[in-house]
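First, one chain by itself in structure tokens, the form predicted on its own.
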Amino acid sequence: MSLSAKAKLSFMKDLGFPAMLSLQKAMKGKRGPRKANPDFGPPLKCAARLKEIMMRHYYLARFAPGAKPVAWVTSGAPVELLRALDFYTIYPENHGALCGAQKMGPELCQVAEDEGYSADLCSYARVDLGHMLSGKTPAGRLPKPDLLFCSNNICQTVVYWYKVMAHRYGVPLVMFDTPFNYGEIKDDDIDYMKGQIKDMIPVLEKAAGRSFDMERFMAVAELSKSTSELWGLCLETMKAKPAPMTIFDAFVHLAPVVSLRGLPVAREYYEILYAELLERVRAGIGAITNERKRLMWDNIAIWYKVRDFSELFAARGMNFVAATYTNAWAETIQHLDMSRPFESLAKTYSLVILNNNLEHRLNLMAKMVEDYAVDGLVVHSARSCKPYSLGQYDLKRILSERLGIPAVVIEADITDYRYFSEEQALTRLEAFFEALEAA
């Protein structure tokens, strides 16, 4: 790492970004506020703070090379190990969601497809490969990684996706292999994962150019745990009637716990969000103005339709109050135990929903339906995410029969809207709305 690069990063952090933010606020002030939609309650005040945090993260990333080691990481990897070594982390999945929300998915996917990558690949992977090949991104510029760090606890595609990037960028790839949980987690599997963590530390140290500090790791892990716990508390406020935010809000406010987990800024943000949500619950302020039906969402968001869907459902007095996707970053954090740091880290990351059996997922969803007083279920069959979409038609049928709630499957993709049929989705949803009203 060079002193000049560190000085430049520090300057941009302390002066450059605040100046840019002030200029943006001044420009926004001239445009005036957006017209309010009467179907929604007042917007969350802390949304502006969230925007600042994520803008700052991506802006400063441009100046990280040379000042900090840079790692690109999958959402389910134990990032606490990297934080302890002062890596600046970029999450390609979060970047993919950003590209999807900005409706850049098809353009970047096409770049990857033109190079021979199959259109049947995950669109997060194709977006990322498209960015790698073209340099295009709504974030301005992403820093080249010094290290790639992935875990196959979310899918096997990441292994091949990250291998391609490791070859292209000429950097090491470290993978955390998590055996699939067919039932109860086995002691041998925990020992296997614990051994991997110990073995990967020298590789991470070499890439970071510094020694692993166990005391610092413990502090980071504590911070990561409290951040995920706060996120879980934020989600639990949606048990209130009316719910103080929607799952469409949560899809957006999820970003810090995914991308900045283990950093103080993430926990500080959820302290603010949680306080605001509690205040809204106390005041009876709902995310939508006429919450008549409460729904649950299964699978990743359809990023390019978040606004459209939020308006479509709110206009009918229907509010999404739970989702398996947003719950995933709080579901297993109770396993993280500082008295057994590596063992519990392995357990925390191995037991995530996509590395667990369908019976586990079925029971989890049934419990969420009960806990959040859910009236209906919307299942997104994501063309990109086969592990998440596997068995969804059976899950829908079983939950609908067992719990007596209407359910519908929407077929779409997470970022690539070339594979989304508006007409088909609306036809299915209209039938679902009728069933929900008749229930």
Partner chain sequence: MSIPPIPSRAEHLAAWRESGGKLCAAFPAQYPKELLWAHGILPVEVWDPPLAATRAPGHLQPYICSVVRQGLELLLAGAGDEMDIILFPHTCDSMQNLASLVGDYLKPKATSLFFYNPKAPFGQPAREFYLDRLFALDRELAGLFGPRPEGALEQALAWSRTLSGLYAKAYDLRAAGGLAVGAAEFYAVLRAGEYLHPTAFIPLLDAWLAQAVGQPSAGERIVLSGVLPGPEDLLESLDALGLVVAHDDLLSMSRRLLYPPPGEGEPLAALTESFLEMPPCSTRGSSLAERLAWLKSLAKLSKARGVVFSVVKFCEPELFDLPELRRGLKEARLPSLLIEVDVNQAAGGQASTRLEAFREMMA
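This one's a predicted model, so the numbers in the text were calculated from it and none came from an experiment. Positions refer to the first chain, counted from 1.
The following text describes the form predicted in complex with its partner chain, which does not appear among the structures shown.
Of the candidate stretches 256 to 264, 330 to 338, 169 to 177, 98 to 106, only 169 to 177 has residues whose heavy atoms lie within 4.5 Å of its partner chain in the predicted bound form. For the residues M214, I272, L358, L278, the 4.5 Å heavy atom test against its partner chain in the predicted bound form is passed only by L358. Though its partner chain is absent from this view, in the predicted bound form it lies within 4.5 Å of a heavy atom of just one residue from K163, R307, R292, K367, which is K163.
In the predicted bound form, none of the heavy atoms of A407 sits within 4.5 Å of a heavy atom of its partner chain. Taking non-hydrogen atoms only, N152 approaches its partner chain to within 4.5 angstroms in the predicted bound form. Interface membership of K241, defined by any non-hydrogen atom within 4.5 Å of its partner chain in the predicted bound form, is ruled out. For the chain shown alone, S400 is not a contact residue for its partner chain in the predicted bound form, no non-hydrogen atom being within 4.5 angstroms. For the three residues N37, T326 and D371, a heavy atom within 4.5 Å of its partner chain turns up in the predicted bound form in no case. Applying a 4.5 Å heavy atom cutoff to its partner chain in the predicted bound form picks out E115, G116, Y117, S118 from 101 to 119, in order along the sequence.
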